[in-house]
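Given next, in structure tokens, is a single chain: the form predicted alone.
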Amino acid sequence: MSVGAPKIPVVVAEVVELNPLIKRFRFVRTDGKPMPTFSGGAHIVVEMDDNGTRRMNPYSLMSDPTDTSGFEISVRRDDAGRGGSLYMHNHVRPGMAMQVSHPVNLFGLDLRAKKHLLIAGGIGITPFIAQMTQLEHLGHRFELHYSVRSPELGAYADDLKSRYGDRVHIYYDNQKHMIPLAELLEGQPLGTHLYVCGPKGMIAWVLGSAEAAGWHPSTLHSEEFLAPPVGHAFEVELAASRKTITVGPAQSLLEAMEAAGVDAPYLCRGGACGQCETDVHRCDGSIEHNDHWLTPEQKASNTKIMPCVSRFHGATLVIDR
């Protein structure tokens, strides 16, 4: 996918405030046609025009994958972020025209699994809502363990518990509840696959514990979209395009390339998919690698960069775009 890829013109059909931090948004096509089908774990990129600043943020789809009448996402407000979530919370209203990408799935279910163990933290619940709906339709075994800060911020906790009963387990941080991860990992039947989505620390804890417990890497699945960090402005030379661009303090390198008319590829815009991986021709300085795609060796060599989330400090950076 790239900036030139076909977009879906949509209208905001519904905005629902779930709690002080999270809102749910529903989009329907402007032309009234069905939405593309997708599978549980898929995301879309929502395009925003924030007073002339073009923002493109990925959000997991949480609606029923078989429902082609519209797409639904949930957005957690981040007051310290670059502005995308604040735009969605403060400016997006029903009836507003927007554009979204076609669905892409980097967190799909492995339907060969005998059972699916789902572990969510905070807003990381959203892809699992679509996944559980899909698993329910297919008659597959699953269980969800969902950790949230408090009952007040536990978006969808009551609905999921009501719908799926004892297959859903909720843990509240302010009540000192803890996911019994060691017991869960030891007590699963052969053929179980594990999926985790949530804060970075939680993902590392779950995956590290599973690996230590002997789970095969092919049975472990995770998703984390990293927001491009803010920082100092820096210049980058684009070898193929023969352009020199300036990346602003609250702008990603990918966004700066797009603003300069360079059609760069992407899928997730969050350092997870590898689609925007770019060769570095020259690096007189240091690259701030914020992705979780490149290997530690690649990061140390400074021969590759992920423009969606990485930044640069130094005199000269020349990349192959």
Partner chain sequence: MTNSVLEGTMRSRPVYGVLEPRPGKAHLIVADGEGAGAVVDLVARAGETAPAMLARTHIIYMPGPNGTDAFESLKALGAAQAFRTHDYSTAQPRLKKVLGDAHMGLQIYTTGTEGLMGQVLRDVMEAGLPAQAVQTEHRGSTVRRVQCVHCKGITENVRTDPFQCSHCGLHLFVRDHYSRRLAAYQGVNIDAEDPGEVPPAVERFK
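Since the model is a prediction, treat every value here as computed from it, not as a measurement. Residue numbers count along the first chain shown, from 1.
There is another form of this protein, the form predicted in complex with the partner chain, and it is not shown here; the text below is about that form.
Colleague: Heavy atoms within 4.5 Å of the partner chain in the predicted bound form: which stretch in 179-187, 121-129, 225-233, 79-87 meets that?
Modeller: Selected stretch: 179-187.
Colleague: Check residue 151 for me: does it contact the partner chain in the predicted bound form (non-hydrogen atoms, 4.5 angstroms)?
Modeller: It does not: once the partner chain is placed as it appears in the predicted bound form, residue 151 has no heavy atom within 4.5 Å of it.
Colleague: Report yes if any heavy atom of residue 215 sits within 4.5 Å of a heavy atom of the partner chain in the predicted bound form; otherwise report no.
Modeller: Contact with the partner chain, yes.
Colleague: Check residue 112 for me: does it contact the partner chain in the predicted bound form (non-hydrogen atoms, 4.5 angstroms)?
Modeller: Residue 112: contacts the partner chain in the predicted bound form.
Colleague: Taking 4.5 angstroms as the cut-off for heavy atoms, does residue 94 touch the partner chain in the predicted bound form?
Modeller: Looking in the predicted bound form, residue contacts with the partner chain do not include residue 94, since no heavy atom lies within 4.5 Å.
Colleague: What is the one choice in 192, 241, 99, 133 with a heavy atom within 4.5 Å of the partner chain in the predicted bound form?
Modeller: Residue within 4.5 Å of the partner: 192.
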